[in-house]
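You are given structure tokens for the same protein chain in two forms, set apart as structure 1 and structure 2.
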Structure 1
Amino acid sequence: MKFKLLTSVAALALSAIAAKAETGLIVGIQLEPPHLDPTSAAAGAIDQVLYSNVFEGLTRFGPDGSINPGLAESWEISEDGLTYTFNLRDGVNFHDGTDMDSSDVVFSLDRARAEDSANAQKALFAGIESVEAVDPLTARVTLSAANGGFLFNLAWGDAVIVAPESIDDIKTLPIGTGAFEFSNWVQGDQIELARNEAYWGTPANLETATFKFISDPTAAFAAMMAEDVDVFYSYPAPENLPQFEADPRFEVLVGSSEGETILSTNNKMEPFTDIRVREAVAHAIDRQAIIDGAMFGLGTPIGTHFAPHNPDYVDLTRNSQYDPELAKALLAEAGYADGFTTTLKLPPPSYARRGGEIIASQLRAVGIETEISNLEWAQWLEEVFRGKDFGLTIVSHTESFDIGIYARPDYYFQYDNADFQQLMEDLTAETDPETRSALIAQAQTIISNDYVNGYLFQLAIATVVKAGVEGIWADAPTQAVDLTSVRWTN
């Protein structure tokens, strides 16, 4: 009897473990979100946890970067491209039970584009003239000028639909319409989500999803090996990937990301104000050595600020091919025959820290001395991004289609070119796909010819997944770990 009881207890325990394994998923990510409002901060970690899982926009990114219908079932665009009429899905509720209707769309978009808005990507909404609710399930957006990228803009995590009822507490208690609802945040450790049983669309397969924050590469390796996490999004140490690939317990997904990794150059600081100096830097860099040395071969060389997997990409790497002799000649021409000294400020990721040491060595070979300082993210944001106190820095720009930052003279690398700014305005107003492609190619060429920054490589994103997990995105068209269609196959 006792034996029977024990075995049944054991069987129960086993089935409990099995059941847990099949309905919950633990995802490791590198950084903890500073708060949980995707509409008021640039931190990618917020979108990684919440995009599509908790919050949805009118449109959404698909796994391949395509723009799909989200909360808007369909839309009509007027002849002149100025008026977008969105037909919202019926029966969509926020997690607190309130209806999602056109008034929420008006509220969300008006809040994002308001004068005092804290939205990190206000430029996405800059062309909106008015947003109105035609009826509860129809919202109409009027633009001041045609914008061929408007539906794309609305798919960003910064453009998700939020409710006025829950906006006050959104930073700690995010209320969205997604397939998962927020359940708990253990600061410094993890965020837990639970399946939204009243979801309007196909419900999620997973009952729970937990995001664990593990920034240390060694800890990430240990956690994955011990199977403490089921998925590690954007795995931080590329040198460990062959080991995971060789292990039947895991699968490694290597995809393209939107991360253009660049040697950002302070265009307003001597001697980088001289285009010849910037060109010299570009020719002093051996991209392949950086990709091999810092990323263990993961990454695609780029010659401009654009993702190679985008159909409009122009390969301009030859424009800045590795040629140290040419670099020295250019420096001499610019009056720096004996070189100069500048700062190289590096944020924590290994592409920056390791890449920085390699670049420092390559620059030294042509006479440019760099003083390396390793900074934490908060310091980097303060000193480099906001303070603009740097000569060179290395960072990956992970927003999709972000070439527009070159039209912002106050952006941290301070590139100020009126022609380029005009070109970006033309691009925004243009809706014809072919003309748009031509303009985009032109924009890529301008910044490449101006050697605004050192263009290094497109960051590959490696996600380590436990065998039996299906539906994790390999590519990262936006910073998201979309779990809505993830399931266990065993």
Structure 2
Amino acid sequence: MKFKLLTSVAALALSAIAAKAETGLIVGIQLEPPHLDPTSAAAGAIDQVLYSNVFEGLTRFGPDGSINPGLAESWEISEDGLTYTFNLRDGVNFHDGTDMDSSDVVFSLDRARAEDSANAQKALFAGIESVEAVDPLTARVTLSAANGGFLFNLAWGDAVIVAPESIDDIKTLPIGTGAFEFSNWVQGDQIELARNEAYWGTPANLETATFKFISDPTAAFAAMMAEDVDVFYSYPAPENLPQFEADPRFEVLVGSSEGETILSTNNKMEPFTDIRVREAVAHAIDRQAIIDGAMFGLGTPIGTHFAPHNPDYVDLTRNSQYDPELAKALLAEAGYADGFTTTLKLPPPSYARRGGEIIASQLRAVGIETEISNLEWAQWLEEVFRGKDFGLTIVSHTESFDIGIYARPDYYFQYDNADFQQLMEDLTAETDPETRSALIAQAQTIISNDYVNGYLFQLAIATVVKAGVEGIWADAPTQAVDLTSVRWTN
């Protein structure tokens, strides 16, 4: 009898420990953010950890990609489409206890659009003529021209609301208004968040959330199998997924993303200034072989920079079908019958490293030799994105509806087409849905016909989740790992 009692007590103790453990969540991700300010860097890893969890914008993305109220509970748009009046939520505080009001909206949007702004998506705010604090809970934004995508733009991580009081330390001590607050950053290892007990909205179910950085696919598999992590977002080794699917301890979520995975091309570096060379590169690539070899079949071929699940997508894959003989003929016509050598700089994600080896082999078959450099994320940002020191690179552009980057001549692949730039201006000013759809189709076609980049595939998101975790988004309409509604069910 005494033994049974002790056994029961031990069981209760173990049960209590298990229950206590399940108030937190450990999420594995591949990349570590270079810093913690989503308003001054292009690194998607910043948004993965901080968007919606720590920082919020006036509007926010829903799991289906819809645009929903965020810190603005509602808004009115003037008849001419030039003035947006945002009604802010009452009682919102930053994590340091200071009030969030219209003055913070003015500061954030003015900072994003300033001449010296370091915002990676500064162009999103270029059409803002003025931002005013009408009263503490009302902010008015006036545009220089109507913008049919303005509410969408405000949902980007680059448009989150920050406070002037905490801006100096934001890269290491991020202070937002979200359901979680920043707790600790062990560089090279993990970022820890804690539930914001004073959150203005529905409180988070989780008391703590830890983002663990595991870049190596083999280490990711080991961590998941050992249950050292509860969730691995965008799992980097798709060959392991059948094993997880067969294991009752786990669930595999496969969804779509906004990630156009491309063979980015430096349009101002010889010989890629010649459209015949860029077209040759496009025809040298066997997309399906890359999807099968690097992604184990996960991914959808694309022929332009646009997501196939978007209703306005145009299938232009035939424009750059795999044809190595045509690629060789185009190279000869451009004066490169004997081929040439260029750089192929690869960031850490497995789609880039694995895909890069396959693409290098395909390019070699038509006479293009590549000097492969495997870069860490910070190096890639410095050399490729900011320094434009590359011939070719592979990266997945995970921002939603980002075809507008092709209208920026100083963007890292340096495509400069005045007609396309005008088209984007027309699209921005257009509000009629049918006309917008026609302009979007035209934009997709122009960049496909110009062979600006090698368009590979739309990145599928496969996330491995421990049984009992509920609320992880299967699809990725934004780069964030939104934990605000995640909970344990057992």
Partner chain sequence: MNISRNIAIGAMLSGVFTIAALVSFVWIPYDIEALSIAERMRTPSLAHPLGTDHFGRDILSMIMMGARTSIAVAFVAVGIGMGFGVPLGLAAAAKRGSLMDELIGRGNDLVFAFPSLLIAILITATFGPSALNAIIAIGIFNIPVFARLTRGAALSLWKRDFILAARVAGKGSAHISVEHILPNLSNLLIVQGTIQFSLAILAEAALSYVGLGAQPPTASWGRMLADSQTMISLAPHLALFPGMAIVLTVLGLNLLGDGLRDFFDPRLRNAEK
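No experiment lies behind these values; they were computed from the predicted model shown. Numbering runs along the sequence of structure 1, starting at 1. What we label the rigid core is the largest C-alpha set whose atoms superpose within 1.5 Å from one form to the other.
S.K.: Does structure 1 or structure 2 depict the form predicted in complex with the partner chain?
M.R.: Structure 1 is the one predicted in complex with the partner chain.
S.K.: Honestly, after the rigid core fit, is Pro174 moving at least 2 Å at Cα between structures 1 and 2?
M.R.: After core superposition, the C-alpha of Pro174 moves less than 2 Å between structures 1 and 2.
S.K.: Core-aligned, does Gly454 move its Cα 2 Å or more between structures 1 and 2?
M.R.: After core superposition, the C-alpha of Gly454 moves 2 Å or more between structures 1 and 2.
S.K.: If you fit the C-alpha atoms of each rigid part, what angle in whole degrees does the small part swing through between structures 1 and 2?
M.R.: Here the smaller part turns by 11 degrees.
S.K.: With the core fitted, just quote the Cα shift at Pro348 between structures 1 and 2, in angstrom to one decimal.
M.R.: Here Pro348 registers a C-alpha shift of 3.3 Å.
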